[in-house]
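Presented as structure tokens, the chain that follows is alone, the form predicted alone.
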């Protein structure tokens, strides 16, 4: 594994507030690494330190194997795309993309070649003479990407780049960024608070909380095996059950089934089954969200949520009401045991 950048025992404090706490992290070359977590978890502070816009209180940062801890941003050869895209409104698309190359004193013929190459890559060569105000939000983001790529950075840093787009464009741009990264073999670090974005786009996802790493790894490793309750909740595991024998268990809503009777064959062979009472149901077209209440081992009432596809069991529940007695159940394979 070749390392594009590394954080070695890095901390960052702002007065009494510890934003990043003793961070050890390797960014693999040619891969897309996502820093994921809620607001205030330290992901943006981490990205800013990598970009050179913040100096660690302690620890070291290397880029390409060389110490870059106190290297100014312009000496790091990094491309960056911000939430706002930061395009120059008085310049054309081509002039915006050429800006970083001009600052680096790249010759005019090479500059023109790289500008068109980058615009081709993002599918905007035909808009080279337009100005940013004539572009849609998605097109402006592509221009910002082209500008960052044109300088051939050692690392491409993306700070919540999709947050200003509508839902449809966000989904479209996820696959576009992934395609561009794959075609260019760029080393990319993406900051996001969106778990779906991280799962779809990452080679490695790094989930942070209060300045520390809670879990990291490939999405297909992290998603089915969250390391703790915080990770599970952040990744959409809504149901948590204390089992006297197995400890704290979690199961995703789509894996929790609801049956009218505990004598049904599927229920009888389930790994977990509990008597429950329906507290609400919400129709969402393709599925039904059924919320139930069960009693835990201590006799306390806890809510459990089941998302049932209409083509499976949901049709049986279209007429069921709040207060109806049911059984909730799941297979052993869908239960995840969390550390105590």
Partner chain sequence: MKGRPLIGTFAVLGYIIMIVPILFVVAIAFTDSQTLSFPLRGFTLRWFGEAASYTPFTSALLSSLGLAVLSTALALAIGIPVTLAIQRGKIPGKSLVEGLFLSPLVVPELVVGLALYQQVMVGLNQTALVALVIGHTVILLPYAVRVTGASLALADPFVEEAARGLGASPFKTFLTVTLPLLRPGIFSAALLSFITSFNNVPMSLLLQSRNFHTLPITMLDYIQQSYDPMIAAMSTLLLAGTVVIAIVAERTVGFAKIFGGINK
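Treat the numbers as computed from the prediction; the structure is a model and nothing was measured. Positions refer to the first chain, counted from 1.
If you look for the form predicted together with its partner chain, you will not find it shown, but the lines that follow are about it.
Proximity to its partner chain in the predicted bound form, defined as a heavy atom within 4.5 Å, holds among 138, 132, 253, 100 only for 100.
Only one of the listed residues (125, 199, 87, 259) places a non-hydrogen atom within 4.5 angstroms of its partner chain in the predicted bound form, and that residue is 87.
Here the chain stands alone, but in the predicted bound form its contact with its partner chain, taken as any heavy atom within 4.5 Å, falls in 103-111 among 103-111, 173-181, 223-231, 199-207. Although the partner is absent here, residue 48 lies within 4.5 Å of its partner chain in the predicted bound form, judged by heavy atoms. Contact between residue 166 and its partner chain in the predicted bound form is not found at the 4.5 Å heavy atom cutoff. Taking the partner from the other structure, its partner chain in the predicted bound form has no heavy atom within 4.5 Å of any heavy atom of residue 236. In the predicted bound form, its partner chain sits within 4.5 Å of a heavy atom belonging to residue 72.
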